[in-house]
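Have a look below at one chain only, the form predicted on its own, in structure tokens format.
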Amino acid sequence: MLASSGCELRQAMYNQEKYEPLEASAFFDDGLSFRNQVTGTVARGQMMLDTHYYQGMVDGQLASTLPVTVSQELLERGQERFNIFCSPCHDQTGSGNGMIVKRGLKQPPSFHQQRLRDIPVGHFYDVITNGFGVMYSYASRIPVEDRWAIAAYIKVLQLSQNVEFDQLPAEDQRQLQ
């Protein structure tokens, strides 16, 4: 009995009237087949008005600031995500000697080149989002918040690998002497 009722429902759905968009309809009292959207409804993926947050751009230029609050948690999350998604190519120090290079694939640039140290943080967000060169887009794999966490971590990684001795805290200077 249950199996036949399911088949009947499927057949009834198949046999129902089908309308083209904006075609007249006897189903609704107003005679229209088209229903207006509920006020305030936003189509999926269309509410990305904050270009700083979603595109890494401010006034049409790559963002030089982060649209998220920098915290220890953000940087730890960035390091974790970097190690998962980026280190296979860029290695954990960002020098571009990851496993893919050891396997014979093209070496990515080191994040410690002066050109990349000087580039705004929005560049790294943009490359993660849209890809660049042989690197493909990670937009479908890494959420926006995590992309910013990775970009922030890259900037911290650049600082950590390129700090001058006299910029170190006194305690760290003593340890290195």
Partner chain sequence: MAQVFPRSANWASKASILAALLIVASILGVVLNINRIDYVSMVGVAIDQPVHFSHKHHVTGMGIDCRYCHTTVEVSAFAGVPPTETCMTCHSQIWTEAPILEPVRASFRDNKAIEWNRVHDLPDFVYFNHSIHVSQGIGCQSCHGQVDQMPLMMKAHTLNMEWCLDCHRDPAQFIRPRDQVFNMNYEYPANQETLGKSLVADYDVQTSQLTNCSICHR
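Numbering follows the first chain given and starts at 1. All values reported here derive from a predicted model rather than from experimental measurement.
Beyond the structure shown, there is the form predicted together with its partner chain, which is absent from this document and is the topic of what follows.
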- Task: Spell out, yes or no, whether the shortest heavy atom distance between Thr41 and its partner chain in the predicted bound form is within 4.5 Å.
- Result: no
- Do Val134 and its partner chain come within 4.5 Å of each other in the predicted bound form, heavy atoms counted? yes
- Message: Since only the chain is shown here, I'm wondering whether Asp59 would be in contact with its partner chain in the predicted bound form (any heavy atom pair within 4.5 Å).
- Response: no
- Message: I'd like to know if Ile100 sits close to its partner chain in the predicted bound form, meaning any non-hydrogen atom pair within 4.5 angstroms.
- Response: yes
- Can you pick the stretch from 117-125, 26-34, 50-58, 64-72 whose heavy atoms fall within 4.5 Å of its partner chain in the predicted bound form? 26-34
- Taking only heavy atoms into account, state which residues of 76-99 are within 4.5 Å of its partner chain in the predicted bound form, ordered by sequence. Glu80, Arg81, Ile84, Phe85, Pro88, Met99
